[in-house]
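Read the single chain below, which is given as structure tokens and is the form predicted on its own.
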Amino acid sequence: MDEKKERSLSRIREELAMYEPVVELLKLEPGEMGHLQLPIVENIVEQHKGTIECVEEGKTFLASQFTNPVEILTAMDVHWYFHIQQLFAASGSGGGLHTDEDLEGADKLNIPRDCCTLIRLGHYLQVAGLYPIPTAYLSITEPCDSIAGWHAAFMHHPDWRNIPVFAPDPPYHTDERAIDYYARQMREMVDFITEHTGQTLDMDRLRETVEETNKGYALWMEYNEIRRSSPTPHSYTLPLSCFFQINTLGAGDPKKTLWYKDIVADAERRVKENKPEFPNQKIRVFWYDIQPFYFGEIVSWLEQEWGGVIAMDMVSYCPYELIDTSTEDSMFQGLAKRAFQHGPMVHQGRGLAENVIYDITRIVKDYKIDCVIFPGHMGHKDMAASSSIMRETCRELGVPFLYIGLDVADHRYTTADEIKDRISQFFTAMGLG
């Protein structure tokens, strides 16, 4: 295998070297939470091994973005990797092994520093040759201008400019005409995948896959309802993994459905026995933005220092709907609606500010929220434009609101210690804790 291909797999190999021992440890000593944590890590290992095999053996595979329907890829039996996952993965920028190296590399690119750091880091990984180059690429052009710019710049890189790319065109509105339009885009995506992989889509297989993911989504919704309990049953790790499990390799796999059943059962038991994973909960927080790479450091401090619990967060709360599988058209319409309306960041960042008002109002009431924290990721300028609306909504609800101002990827922008200090001052001033 040539040097370029080997370098493109270097981060994935590092992650395997780190995660495979974790799998063995969780099998040997599962402890109280191991039976729920093990499938998450196994999923990462399985996906990475598949990507390495495809690159080493010259098999067809895709790179795809988080809004594209994984049910289609699963039903067509095509291997793929979640493109932006590389940014959040343990040996990428998020896990600490390469954080400063990657940030310094991104700083050297000819990209304005006020551009979203997720976008700048994505370009850096491409320029550094750290993305496996796929047979074809399923891109994304929503929810923000930075994403659209990323798509354009990405496809002009010498290593990628000859890679076939399909970028669905999301409409602005969400009426029936828009859904029908995007459903046609999903059908065009199927034709594109067939053209470049040779794999065809069997509608019975797609229906089977969608019905299985419907079970996962239904259980996820049930789990979110259980999180309304006070104390909430789990710390932050498992709730965040719900999105990952249903949007990565193996979507539609009954093993994933079993994991959701297990997490619901564990949550129900903890509520019934009043034995939350994290005891002594005092402040119920709604974290309304995506979580920083260094979120674990902040949340562990929040729990131990203040008894603060993330009762709900942006990634966990999205208005997913189950898909009608009765006809071919209804399946594609359901997949389209979920893809361009419901995902995290997409639901909140596109369309009308009414989405923000509705989210905050419902979650504050349903989850007995004591305060809303808007991290204010510097790259989410679309969300920042709604911050005054968030504040006014919270004022009407009688709930304290904190706007921090941070960078979810760059710990230098607002350090973890500065974030902790702002939260502490906020809690103290509002009489919380």
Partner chain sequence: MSKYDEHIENVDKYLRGRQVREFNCPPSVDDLKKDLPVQVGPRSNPGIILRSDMFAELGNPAEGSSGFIVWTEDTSLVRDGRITLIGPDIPDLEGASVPFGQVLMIAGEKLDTEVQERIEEYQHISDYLEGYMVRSSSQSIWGRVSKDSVAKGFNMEILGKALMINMKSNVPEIEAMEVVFVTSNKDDVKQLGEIAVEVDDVRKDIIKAVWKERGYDLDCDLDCNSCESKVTCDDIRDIIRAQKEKGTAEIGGSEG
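Residue numbers count along the first chain shown, from 1. The model shown is predicted, which means the values in this text are computed figures rather than measured ones.
This protein has a second form, the form predicted together with its partner chain, left out of what is shown; the following refers to that one.
With the partner omitted from this view, the residue of His123, Arg207, Arg228, His79 that lies near its partner chain in the predicted bound form is Arg228 [heavy atom within 4.5 Å]. Of the candidates Lys59, Lys27, Lys365, Lys49, Lys365 is the one whose heavy atoms come within 4.5 Å of its partner chain in the predicted bound form; the others do not. Within this chain, Pro254 is remote from the site of its partner chain in the predicted bound form, having no heavy atom within 4.5 Å. Thr393 belongs to the set of residues with a heavy atom inside 4.5 Å of its partner chain in the predicted bound form. Proximity of Pro319 to its partner chain in the predicted bound form falls within the 4.5 Å heavy atom cutoff. Remark: Trp306 does not count among the residues lining its partner chain in the predicted bound form, judged by a heavy atom distance of 4.5 Å or less. Proximity to its partner chain in the predicted bound form, taken as heavy atoms within 4.5 Å, picks out 215-223 from the listed stretches 215-223, 125-133, 236-244, 297-305. With respect to its partner chain in the predicted bound form, the three residues Asp180, Ala183 and Ile290 uniformly fall beyond 4.5 angstroms at the level of their nearest heavy atom. Interface residues of 174-199, taken as those with a heavy atom within 4.5 Å of its partner chain in the predicted bound form (partner not displayed): Glu188, Phe192, in sequence order.
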